[in-house]
Structures are given as structure tokens and as C-alpha cells.
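One chain comes next, on its own, written out as C-alpha cells in the form predicted alone.
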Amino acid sequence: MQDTAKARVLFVDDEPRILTTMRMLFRNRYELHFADSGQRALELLKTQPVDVIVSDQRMPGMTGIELLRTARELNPDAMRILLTGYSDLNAIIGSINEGEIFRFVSKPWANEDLTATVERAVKAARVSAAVTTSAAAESGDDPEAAVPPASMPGILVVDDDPQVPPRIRAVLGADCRVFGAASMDEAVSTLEREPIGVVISDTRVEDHPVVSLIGTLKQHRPELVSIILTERADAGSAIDLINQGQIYRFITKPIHDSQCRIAVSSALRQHQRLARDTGLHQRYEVESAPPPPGDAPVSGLLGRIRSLRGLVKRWV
């Protein structure tokens, strides 16, 4: 483990016994740092950059989401893992939209799963930090600059409500190429035919959960960026969508124009970064998840997705 021997990992939890467990579990693996509150973690991050932050969600004074949101500004290359022992949908959505979480880990956890997750996060942090440094040295581009219309990839809206694609098309304006799909089969057909950079999808389409579709797309088209747009999410499906699909943003219906435009604009920039810098793909690695048992139509679609890699076109 020479590549991770000196990796710096920060554990944040207000329970001393949890921090003691982390010390015992990860000693001799990484350079370990500990904080018993979000505020103390931020004080540490101002002077000590780290590769991975593992934080509890429920802490007095500052929640894990609030910590990770600010930590993202202080230490943007660090991978962020949230420990959660309860199902708070608003908290989970906030961590996706504001903290860009790498993984959720549910309490109580299996030690082997947690150690494997931290190890993957360390490797991703090292790779992406190197890519970011190299890109900054070679380019003066503003990462927040708008995507020029001439180079804009397509946006695929997957929703069995026929009113949603035209609504998003109207919100985004004529410069955006928006394609609608009322089924997962139609969505894959569009991906086979059109250069798509951003997928906007409900959590379920024709009563099929989309997590397998989104996850398989991320595995085989890692430069694709996904936004979930829904009014019927639950905490469990949101956690699956980040762990198995690395969704980029989560927005709720009814559609708010400004929120939609901001999310899509940011997603398009993210797509361009991932298309240009393939070293960043590891940062958005997903957990493998089998398709729903006995769901032959979905399994067939996932097979078609695996052949999409050769069709990729890039806008850089």
C-alpha cells in the first residue's frame, strides 16, 4: 500500500468511542487526524489539508453536512464520506447538492466495508488531486465559465410524465439540446444515437427504479453527469443513487426555473471536466449493483449500455 501509506484521513465524531474505534481500525494505514466537532475539524483543515474526511452527520453545533459543505471550500480535493444512522431525506439531499459526497456509510457499519470505502476514497483523492494540479498548470480556463453553445452536449430527460421534457426545454432555452425519453428503453436508444453529456431522471420510470440504469451508465460512460428530479424520493433510494450512481445533484419537483438552470449549467461544466480529464473518473467511482431480480427488460438494457463506451464523443 505504498500509494496510500502517507494519506491523511480526518475522522469527525462527537462520540469518543467512535473516534477510538477509528483509531484502532485505521492505525498503521494512514496519517490519522481526529476532531470531536465540526468546528474543530474546520480549524484543523485551515492548516492541514487531508485526502479523506469521514464525518458523522448528527453532531451538536454543526451537522456533518454543514461541515462537509465548508470543508469542500477549504479542501476541495478531499473525498467526503458521511456516516449516518438515521434516514433524513433533506439531510441526504443537502449532502449531495452541497457536500458532493463520495459515499454514505450507514451506522452500524461492517469494518471491512468501511475500510474498503476509505481505501477507495484515498486512491481517488490522490489521482484527482494530481489531475487537478496538472490541469491548473496547463490551462488558464475558468472552471466556472459557461459552456459555449457550439460545444454543448445533449441533455437527456428521462421521465414518464410527458410534460417534464418540454418544461425543462423551456427553462433551459434554445441553446440547449434537450431530448426526452418516457422509458428506459427510449433513454438507451437516445444514448446510442445522440452525444449526451447530462442525464436528468426521475427515481422511477414506468415503475422501474433507475438506480441500475444510472449506475451502469456511470460505470461505462463515466463522463456522463446525472441529476435526479423527483417528488417521490425516499432516503434509502437517495443513498443508493449516490453510492451506486454518483448522482451529481438532486432537485425536487415542481421544477423551479433558477434551480434547474443552475444545476444543469454546473452539470455541463462537470461533464466537460470529466471528458477532458479522465483521471478524475476514479473520484466518481460507483459501487457495483446487480439489476433488480427477475427484471429481464432492465437487464437487457444494461447490456446495451455496456456497448456505449465506443460511441463516446467529447466536447473540450
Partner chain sequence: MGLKRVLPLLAAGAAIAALVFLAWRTQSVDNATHLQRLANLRKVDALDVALNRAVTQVGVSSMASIADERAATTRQLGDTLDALDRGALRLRGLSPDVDRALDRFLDTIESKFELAFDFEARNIQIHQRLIQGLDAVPALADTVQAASAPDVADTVSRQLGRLQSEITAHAVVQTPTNGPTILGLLDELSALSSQSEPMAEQMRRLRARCVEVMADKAELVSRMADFLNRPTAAQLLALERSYTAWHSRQVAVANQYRLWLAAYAAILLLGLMWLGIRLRRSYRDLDRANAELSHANEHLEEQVETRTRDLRKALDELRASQAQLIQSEKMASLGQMVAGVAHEINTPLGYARSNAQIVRDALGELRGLCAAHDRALAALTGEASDAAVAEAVATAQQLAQTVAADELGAELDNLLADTDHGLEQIAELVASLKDFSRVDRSRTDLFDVNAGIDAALKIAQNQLKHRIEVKRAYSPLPQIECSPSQLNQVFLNLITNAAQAIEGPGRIFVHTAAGADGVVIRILDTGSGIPEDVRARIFEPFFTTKPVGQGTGLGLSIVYRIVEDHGGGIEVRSVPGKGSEFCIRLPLRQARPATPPNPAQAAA
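Here the structure is a predicted model, which is why all the values come from computation and not from measurement. Residue numbers count along the first chain shown, from 1.
Quick note: we don't show the form predicted in complex with its partner chain, though the next part is all about it.
Chemist: Choose from 50 to 58, 245 to 253, 65 to 73, 263 to 271 the stretch whose residues reach within 4.5 Å of its partner chain in the predicted bound form, heavy atoms counted.
Modeler: It is 50 to 58 that comes within 4.5 Å of the partner.
Chemist: Looking at the partner-bound form in the predicted bound form, is residue 85 within 4.5 Å of its partner chain by any heavy atom?
Modeler: The answer is yes: residue 85 has a heavy atom within 4.5 Å of its partner chain.
Chemist: Check residue 27 for me: does it contact its partner chain in the predicted bound form (non-hydrogen atoms, 4.5 angstroms)?
Modeler: Output for residue 27 is yes: heavy atoms within 4.5 Å of its partner chain.
Chemist: I'd like to know if residue 170 sits close to its partner chain in the predicted bound form, meaning any non-hydrogen atom pair within 4.5 angstroms.
Modeler: Judged by the heavy-atom cut-off of 4.5 Å, residue 170 is well away from its partner chain in the predicted bound form.
Chemist: Give a yes or no for residue 112: in the predicted bound form, does one of its heavy atoms lie within 4.5 Å of a heavy atom belonging to its partner chain?
Modeler: Judged by the heavy-atom cut-off of 4.5 Å, residue 112 is in contact with its partner chain in the predicted bound form.
Chemist: Go through 10 to 35 residue by residue and record those having a heavy atom within 4.5 Å of its partner chain in the predicted bound form; state none if no residue qualifies.
Modeler: 14, 15, 17, 18, 20, 21, 24, 25, 27 sit within 4.5 Å of the partner.
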